[in-house]
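Only one chain comes next, encoded as structure tokens, the form predicted alone.
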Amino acid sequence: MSEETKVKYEKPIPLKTLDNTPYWDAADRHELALQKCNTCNAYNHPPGPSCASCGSVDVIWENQGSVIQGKVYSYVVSYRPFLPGFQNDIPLVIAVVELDHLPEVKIIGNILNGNAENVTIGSAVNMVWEDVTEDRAVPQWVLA
């Protein structure tokens, strides 16, 4: 009798931690949740144990829904797979995206099927969630 292990998703899967579990739980539901400081009202992304602006530990989570739009704030094109599993995605467009409804929040992600020639600073993008396992989804971007 042989045992076969099938691994469909080869890329690193982000781990849930005490600080980011609400973010990933929302991503698994194909929603965006952002950590917000109750003291100074700043959004903290990536989330942490306290506010990155004022240091307060009085932070809450706000659901932003599932329709998330933004603009490319900055990007790089990777022609080398720096992590396992990305070898078939080269060239890979990695973007910092400014959210349309919260321009102070910038979220890093890959622009799926993003042809480097089609991406510019200010390109409109929509957030999509890539289901990488049965119980994990990763937010990504596609050109609008």
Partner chain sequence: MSTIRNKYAIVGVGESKRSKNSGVTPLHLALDAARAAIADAGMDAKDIDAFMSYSEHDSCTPHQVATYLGVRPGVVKEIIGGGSSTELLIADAVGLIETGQAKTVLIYRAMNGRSGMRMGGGGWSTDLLQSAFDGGSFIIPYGAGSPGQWFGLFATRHMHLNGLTQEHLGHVCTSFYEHAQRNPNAFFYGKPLTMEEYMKTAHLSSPFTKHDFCLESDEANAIIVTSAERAKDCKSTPVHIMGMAARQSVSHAHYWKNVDEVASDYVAPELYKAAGITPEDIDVASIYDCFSWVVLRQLEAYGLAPKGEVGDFVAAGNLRLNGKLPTNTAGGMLSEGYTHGMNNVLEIVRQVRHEYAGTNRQVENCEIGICTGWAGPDIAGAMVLSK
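Residue numbers count along the first chain shown, from 1. Just so it is clear, the structure is predicted and the values come from calculations on it, not from any experiment.
Unshown form predicted together with the partner chain; subsequent notes refer to it.
Contact check for Arg80: a heavy atom falls within 4.5 Å of the partner chain in the predicted complex. For Gly109, a non-hydrogen atom is located within 4.5 Å of the partner chain in the predicted complex, even though that partner is not displayed. In the predicted complex, none of the heavy atoms of Asn126 sits within 4.5 Å of a heavy atom of the partner chain. In the predicted complex, Leu18 stays away from the partner chain, with no heavy atom inside 4.5 Å. In sequence order, Asn20, Tyr23, Trp24, His45, Pro46, Pro47 are the residues of 18-49 having a heavy atom within 4.5 Å of the partner chain in the predicted complex; the partner itself is omitted from this view.
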